[in-house]
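Presented below, as structure tokens, is a lone chain in the form predicted on its own.
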Amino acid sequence: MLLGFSSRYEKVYQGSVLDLIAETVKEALDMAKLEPKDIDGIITSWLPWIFDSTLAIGFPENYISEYIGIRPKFTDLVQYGGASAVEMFYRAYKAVKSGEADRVLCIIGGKGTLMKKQLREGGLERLSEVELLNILRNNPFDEFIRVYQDMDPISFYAMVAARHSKLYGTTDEQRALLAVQQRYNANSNERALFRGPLTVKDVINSRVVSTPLHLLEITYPIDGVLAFIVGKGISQLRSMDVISYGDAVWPEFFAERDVDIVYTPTIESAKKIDFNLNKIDAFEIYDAFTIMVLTELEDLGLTEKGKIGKFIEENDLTIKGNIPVNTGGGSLNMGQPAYMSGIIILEEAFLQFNDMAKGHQVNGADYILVNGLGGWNTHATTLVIGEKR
């Protein structure tokens, strides 16, 4: 089902975003031994300003198809924010299974660093200033919610971390321990942007960006693209199926929800998963911030709500441990392409399943759970991949 994949991640990519896409797609096609004419489906995602610094592109799936020379009979545009990559894989799988397409090319990423550059050149420091100026809107009530110049989205996840600490006593040190364990994994991954020794003390001593989150608990935005092809045909890759899938959409902005902010939509998407989590060999968990991983692991059911701090202390989440989590170091160490960590965790699942994770391979990675979160905890996609037997 997975015929080929490729990615390119750079701190700052010097070419255009279309060049970045073309290079990455060619590598994915080469792995699949296909040409553009063999592709009859395309799925992409597009975030305003993040993709290539424009605030709008008409019909992005057509825009990209034309540039790389494919003529699809099936198209889809996934707007799940950070969870989009994971959702795209499932939709491509479903399209092929239903006969809507034979080979679907999925493309996700962009040059998010352009937005940061333009903000600074425009004399603005924060995305929330753009939202306050009504240039970019995320919901119908921005003028009522965006009263202060917060550090969107860092401030939101800082509130989640502060709330989790207040309700359950989760400590800075427990969140830092998660960062340390992911760094251990990154140290064996030659593609990781950040490598080297890291201690709990290092994380705690890094500067506070938004209380209580420290610098080393926050992913670093980079440029990058992931391209993958799902379809019928012979592949050099291992036969991969969707073993179980669940998703959830919480459209209300977080202040309007009837659930506490320490819960994520994963608590709903995980209920749709029909698979024994004790049989999962590796967990790839959305990790733009340490607190996201902690709340997702709770909502997946690995431990009770409020017990994650103790869980982190009592389990080894490294590639040599009893519950391997974010086996390549996650986006905390790889960087976050186009502000969407789902790209990193989905590709790591592909690598692990195909025994291609050089240096950070988990032995016998037959079943992998990928959990994507996006849009200030508005979307969740939970996926178990493996080989049907």
Partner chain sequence: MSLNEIIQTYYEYFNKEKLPYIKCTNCGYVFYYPRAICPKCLSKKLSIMESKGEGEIYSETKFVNEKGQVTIVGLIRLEEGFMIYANILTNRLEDVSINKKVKVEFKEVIKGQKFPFFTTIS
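Numbering follows the first chain given and starts at 1. Here the structure is a predicted model, which means the values were calculated and not measured.
The next section is about a form of this same protein that is not shown, the form predicted in complex with the partner chain.
Taking the partner from the other structure, the partner chain in the predicted complex has a heavy atom within 4.5 Å of a heavy atom of residue 150.
The closest non-hydrogen atom of residue 163 lies within 4.5 Å of the partner chain in the predicted complex. Put simply, residue 220 is far from the partner chain in the predicted complex: not one heavy atom of it is within 4.5 Å. The partner chain is not shown here, but in the predicted complex it comes within 4.5 Å of a heavy atom of residue 211. Among 141, 194, 275, 311, the residue placing a heavy atom within 4.5 Å of the partner chain in the predicted complex is 141. Just one of 203, 270, 280, 261 comes within 4.5 Å of the partner chain in the predicted complex, counting any heavy atom, and that one is 261. From the list 98 to 106, 150 to 158, 227 to 235, 292 to 300, the contact stretch for the partner chain in the predicted complex under a 4.5 Å heavy atom rule is 150 to 158.
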